[in-house]
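As a starting point, one isolated chain is supplied in structure tokens, in the form predicted on its own.
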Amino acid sequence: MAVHFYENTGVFKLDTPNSTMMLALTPEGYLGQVYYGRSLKDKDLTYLMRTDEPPFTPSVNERETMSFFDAFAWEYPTYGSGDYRDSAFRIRTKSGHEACVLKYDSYRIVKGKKVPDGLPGTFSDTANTLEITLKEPDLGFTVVISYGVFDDVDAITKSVKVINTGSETFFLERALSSVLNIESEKGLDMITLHGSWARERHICRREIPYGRSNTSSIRGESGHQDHPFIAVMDRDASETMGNVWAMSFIYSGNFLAQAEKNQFDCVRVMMGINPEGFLWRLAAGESFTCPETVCIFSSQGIGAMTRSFHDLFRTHLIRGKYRDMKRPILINNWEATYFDFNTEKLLQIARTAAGAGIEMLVMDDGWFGHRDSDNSSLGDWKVNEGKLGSTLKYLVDEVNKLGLKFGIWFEPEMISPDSDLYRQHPDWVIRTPYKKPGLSRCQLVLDITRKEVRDYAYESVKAVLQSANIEYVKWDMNRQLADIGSLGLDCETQGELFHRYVLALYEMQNRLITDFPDLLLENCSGGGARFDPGMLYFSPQIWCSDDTDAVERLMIQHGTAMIYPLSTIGAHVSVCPNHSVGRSTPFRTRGYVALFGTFGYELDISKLSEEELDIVREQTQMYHCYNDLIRRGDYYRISSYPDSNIDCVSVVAKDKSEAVAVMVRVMGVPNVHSLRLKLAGLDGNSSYRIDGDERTYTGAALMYAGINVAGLWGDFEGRIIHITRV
């Protein structure tokens, strides 16, 4: 069993294959963190808690209780009782008081790992779950912390359930999901991911200063700008070495991820729902479940952390028919036509695509209402047959006759002021009663926290999907929440709107994949603004970014793949000059970059030259050749742009029998040697052969001596290297 409680010492020990987390109780019943690091056989490390040195525990030295509270490595720190660091938990009673302290009550160990109530989360039949119950003896509420401990991946999940076991209503002002206390004699850095539309998830690494450093969102979604992830690491940690502690949040709304360094050089790392704009009323007998966090420790650098996240998400988070399947190569008409298309134009694209090995046509925005621009018709999910020149069923049937599947785009959470739906139900939007709501992309947000609203939105989508053989849905969200208010909530529950919105979204998507279990769902939010683990629970892939430029994608996909499996990263080949940045890159290079994602096309293929169509045929064959390996294998980052002029990643089969690497030299350089490439993750004692090279290499030679790569002439040139064991 991976979870043990040693009653004589009050120690809880949680073991994954290569890591150990240890918690312990003080004599007063306070739950503290002892250790989280490399796997240990030891059963008692409670000396690390420093309870035998000043200021001692309150039962030994009551006069310095506050000093103890302010230094103790709390497992779940509360507000108002003497710990002056930022808290994970804060309540307000009816009388307005907020101070509380949690004490240990009981525990239980359960076989298996279940998903939290009403939320996405990880699952496993072979994991173990530890539940530790804490109570506030003076206020009448209970906190249950659940730990999922996996036996096949170095991950421990945490979630928190708050239960009002008293007789009076109180309010949750803050209920975060996870806390880690970290010390390092080497000093600590942190990694967070930042960006904006079309440049999501750029990696930001910096030293942790004294005080609080955080990344967060109050946009109603995880957002383009910040990401629900944080990693803390030794100052000298790299891709291949050093200690790394990471947390990821399985949630798709407002979040806070924070590192706080105190006067003793200890760092408290916390993650959960952002307290800003959050207030949850909890009446007697009611409970609140916090979203789940994933905690991962790696003693072998960032790369091992990445592979743990990939394995966990692929095996224990993503669900459905397509979880382990090769995805169809699709072509989306958005950058090909924007709003200017009809049935014949789409069939023209489909005919050429079918001859080039593409397997699905996706009809994007512009097929409903009078949607000839993004200024109208959201909410009116009825096919504009006048614009198409046919019924939707006719179009889909004709595409199917060509041997292609058919997919469609929706934006179910949004409404246009210029729509029949808004004219009928102007009260169905998120807004305050005293202020005209602001527009973004000329659209407002439907208040899907109201059952009648989300039922209407979902049933509209369902009716379209039932009208034809539609096998893929791209679910988009192109603006954030603002003017926060709901006509469905009273004055005491307006602070619940942000979270209720996310719960409503989850309910709608769960209905979708339940009613259409064979559907391939791809989430999207103006590109990658809602690329988070919460959405992966419902869709096996997410559109990574609206920026399809191959060079920009090197950075975007680097930050994304640091956490998420390549099979989840929506990546397409598009035309040049690129629509986002105006850059021209070689057609083959665009294919190499998109290959390390879901792979598809975002262009008018009917306008390509014969030479370009030949390259498309090569690329679709290349996808089928390598996708099983890329989808299932272990990811290694060799070098990264812009830190290096060379960007290189590889994927190695789990049994190390095969590997594929893609490298891109971003800028051409005159008068230089061939490039020296050192691979990673191979079996040093095995022999390998590189496609197109008759020589045989040991895995050790490929990793430590390297190979020379010549012939990269010009800017943005790429190369794919395939290696097999002999």
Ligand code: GLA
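These numbers come from a predicted model, not from an experiment. Start at 1 with the first residue shown and count on from there.
Unshown form predicted together with this ligand; subsequent notes refer to it.
The contact with this ligand in the predicted complex, taken as any heavy atom within 4.5 Å, belongs to 526 out of 275, 526, 242, 120. Listed residues 75, 549, 234, 364 were compared with this ligand in the predicted complex; 364 is the one with a heavy atom within 4.5 Å.
Of the stretches 581-589, 538-546, 497-505, 456-464, only 538-546 has residues with a heavy atom within 4.5 Å of this ligand in the predicted complex. Taking the partner from the other structure, this ligand in the predicted complex has a heavy atom within 4.5 Å of a heavy atom of residue 441.
Within 4.5 Å of some heavy atom of this ligand in the predicted complex lies at least one heavy atom of residue 474.
This ligand in the predicted complex comes within 4.5 Å of no heavy atom belonging to residue 416.
Mapping the unseen interface onto this chain, residue 626 falls outside it, with no heavy atom inside 4.5 Å of this ligand in the predicted complex. If you check this ligand in the predicted complex, you find no heavy atom from any of 178, 229 and 297 within 4.5 Å.
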